[in-house]
Every structure is written in structure tokens, then in C-alpha cells.
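The chain below stands alone and is given in C-alpha cells; this is the form predicted alone.
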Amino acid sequence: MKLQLKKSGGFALSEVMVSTAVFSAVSMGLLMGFTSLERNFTATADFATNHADEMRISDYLALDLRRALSVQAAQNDTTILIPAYYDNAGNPQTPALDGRGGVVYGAIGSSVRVRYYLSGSTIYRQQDSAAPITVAMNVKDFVFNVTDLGKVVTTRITFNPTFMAGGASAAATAATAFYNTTLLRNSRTDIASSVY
């Protein structure tokens, strides 16, 4: 009787090494792809957040500046006076002529003080003595510039880049600047009251 030895069905060392190299290369590619996708998602989410802040502050500024009676501009802290369209209870006030070509709401000379200021890296909007509300976050600075005999206000708001792969350069920070130019409709220099 002959003994027959069965051959064991294993892999040769060279086959194991080749399969390990292929598996490592595929795994590394997948890992790099997932990392890139995660970084891209984070960058997109940060961009969308900053863009939403830009749109919000642009809407607030445009509304307040179009109604402005006067603007006291300073870097990172600006006060805008607007007519008192509403009384203390929140009811609309009836407009009246002031006898000098102007329209007033409420008592003659009454106005609402709206202040925009930067605290830390957040821009707040505060109306009179009400609690301030946050209108933009992660801001480096904002500048109001009043030109054309006090009739045009130009604003520049610079955001800090939130997604930085290797640190933000000066050019990257400058690229986050948001500009807005508004004509002050209520400001006139041809009549004494300076109000439409």
C-alpha cells in the first residue's frame, strides 16, 4: 500500500507580498480620497457660513443706511441714526411734515440710534438700549467710509478665513473682504433740514 501525501494548498511568500502591496495601495488611495472629501466638505461648510454672514450683514447695513439720517463712522464701531418709525410699543408712527421740507416720525428730532461694533471677532447690531444681536462672526475688521459730502457710505468687512490648509496668507485674508456701497437717501445738503 502506497501512502499518498496531499499537497497543502497555501500561498507562496511572493503571492502574499504582492497581495499585501496591492491591498496597501488601494487602502491608501481610499484613505486619501476620504480625507480629501472630508476636507472639501469642511471648506464648503465654512464658506457657506461666511457667505451667509456676509449676506446677513449686507442686508442689515443696506436697510439701516438707506434710512439713515446721519452716520458717525469709525473703524469697528459705527453709529447710525434713523427715523423713529415705531413708538416704544412697536406701533407705526404717523409721519408729519416739519415745515422745512422734511418728514418726521414721532416727536420732531426723535431718532433711533443703531450701533454696529466689533467685539472680539463678532459684529453686533444694537438698537438704542436693546440687547445686541450677532450679525456676523469670525470677522477681522470692518470699516465705514463716508464720502461725497456725506451722501455715500462705503463699507469693507474682512472675514478671517476659517478653513486653512497651511495657514492663511495675507492675500487669502484680503480675498475674504466684502464691500458694500450705499447712497444715503435721507441726507441732503441743499436744504437746511438735510432730510427728504
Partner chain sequence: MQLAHHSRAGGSVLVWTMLVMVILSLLAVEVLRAVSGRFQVGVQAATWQEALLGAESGVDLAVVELRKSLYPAPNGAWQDWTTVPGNGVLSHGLTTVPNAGLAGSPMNIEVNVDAPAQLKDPATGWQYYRIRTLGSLPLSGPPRVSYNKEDNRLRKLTLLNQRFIDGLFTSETNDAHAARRIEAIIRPLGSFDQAIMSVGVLDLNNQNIVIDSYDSRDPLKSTNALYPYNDRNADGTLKRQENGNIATNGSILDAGGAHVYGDVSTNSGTATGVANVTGEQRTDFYQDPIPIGAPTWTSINPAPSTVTNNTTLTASATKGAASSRYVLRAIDLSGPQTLTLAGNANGSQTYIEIYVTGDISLTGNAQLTVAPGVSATIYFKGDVDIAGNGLVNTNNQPGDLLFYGIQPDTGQNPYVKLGGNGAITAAVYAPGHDVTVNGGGSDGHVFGSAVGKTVTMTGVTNLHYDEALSSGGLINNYKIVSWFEDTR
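A quick note: this is a predicted structure, and the numbers were derived from the prediction, not measured. Residue numbers count along the first chain shown, from 1.
There is another form of this protein, the form predicted together with its partner chain, and it is not shown here; the text below is about that form.
Of the candidates 59, 148, 141, 128, 59 is the one whose heavy atoms come within 4.5 Å of its partner chain in the predicted complex; the others do not. None of 40, 154, 49, 27 but one reaches within 4.5 angstroms of its partner chain in the predicted complex through a heavy atom, and that residue is 49. In the predicted complex, residue 45 approaches its partner chain with a heavy atom inside 4.5 Å. Using a 4.5 Å cutoff between non-hydrogen atoms, residue 105 counts as a contact of its partner chain in the predicted complex. In the predicted complex, residue 96 approaches its partner chain with a heavy atom inside 4.5 Å. Within 4.5 Å of some heavy atom of its partner chain in the predicted complex lies at least one heavy atom of residue 82. For the stretch 50-66, the set of residues having any non-hydrogen atom within 4.5 angstroms of its partner chain in the predicted complex comprises 53, 55, 56, 59, 60, 63, 66, in sequence order. Relative to what is shown, residue 142 and residue 68 are farther apart in the predicted complex; their C-alpha atoms differ in spacing by at least 3 Å. Compared with the form shown here, the C-alpha atoms of residue 69 and residue 142 sit at least 3 Å farther apart in the predicted complex.
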